[in-house]
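Before any questions on how it binds or moves, here is one chain, the form predicted on its own, in structure tokens.
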């Protein structure tokens, strides 16, 4: 490499080294820095370099705290920083864009890392990760109510509704949607006890939306997202419903109308 390229390569390596677990002894850091950097009146060459490596690491932690603001609030500042630093050492940045930096945080929280309220934080991280994915998703052409109205009713049940990019349907062991909303809007927290809930996350234009679902509607929408025909998806929800069939029919009709109006589908495909 040319002298400037070699210097840039060395400095980048020193800046990212702390969050890539590439440890060096103090003597090694001092010797390496002394080859490239002059000391100041108060700092050694290694200390001057550490200013930049610390700033870079702190910026990554800050980005995670912004993307996972509810997790950060529930975990507490100190525990979140400890978790973020452990996460970054296991999943260092590997892309020029930082959009995907925190994508594996839910997976990390499901692992061996120890932290208070771990199950709750894992659920909230899943929710906030889904929100980030929805925000960064490609913009699709949205299926309109008028377009659905022009479909042949006789064929509708056998067709597939294609969900917009970034839409996710998931079940949670806590009231994740309500908790995230309360934290982000500085409202009183709902119960943090375990309670199974179902939520769809999607983007409409430039806004990410979240909607809680009943269990039957969750199974219908999740089946549609997996690519099942409409009739098969409805059968998935029907098996989870116990009550008056007329009530189920009304809920299905209402839900489909809401899902289409809110822009959850991109197109209709024949089976």
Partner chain sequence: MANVQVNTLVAAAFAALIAGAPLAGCATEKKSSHMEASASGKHACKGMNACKGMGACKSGNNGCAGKNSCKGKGGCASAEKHSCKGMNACKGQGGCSTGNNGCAGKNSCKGQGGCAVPVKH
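Numbering follows the first chain given and starts at 1. This is a predicted model, so every value here is computed, not measured.
What follows is about the form predicted in complex with the partner chain, which we do not show.
Asker: Looking at 128 to 136, 112 to 120, 80 to 88, 190 to 198, which stretch has residues with any non-hydrogen atom within 4.5 Å of the partner chain in the predicted complex?
Answerer: Comparing against the partner chain in the predicted complex, the contact stretch is 128 to 136.
Asker: Verify the flagged residues 73, 215 and 223 against the partner chain in the predicted complex: is each one within 4.5 Å by a non-hydrogen atom?
Answerer: Negative, none of the three is within 4.5 Å.
Asker: Report yes if any heavy atom of residue 30 sits within 4.5 Å of a heavy atom of the partner chain in the predicted complex; otherwise report no.
Answerer: Residue 30: no contact with the partner chain in the predicted complex.
Asker: Could you tell me if residue 185 has a non-hydrogen atom within 4.5 Å of the partner chain in the predicted complex?
Answerer: Residue 185: yes, in contact with the partner chain in the predicted complex.
Asker: Taking any heavy atom pair closer than or equal to 4.5 Å as contact, tell me whether residue 25 reaches the partner chain in the predicted complex.
Answerer: Close contact is absent here: in the predicted complex, residue 25 is far from the partner chain, nothing within 4.5 Å, heavy atoms only.
Asker: Any of the heavy atoms of residue 165 lying within 4.5 Å of the partner chain in the predicted complex?
Answerer: Residue 165: no, not in contact with the partner chain in the predicted complex.
Asker: Listed by sequence position, which residues of 186 to 214 have a non-hydrogen atom within 4.5 angstroms of the partner chain in the predicted complex?
Answerer: The stretch 186 to 214, when checked against the partner chain in the predicted complex, contributes 202, 203, 204, 205, 206, 207, 208, 209, 210, 211 at the 4.5 Å heavy-atom cut-off.
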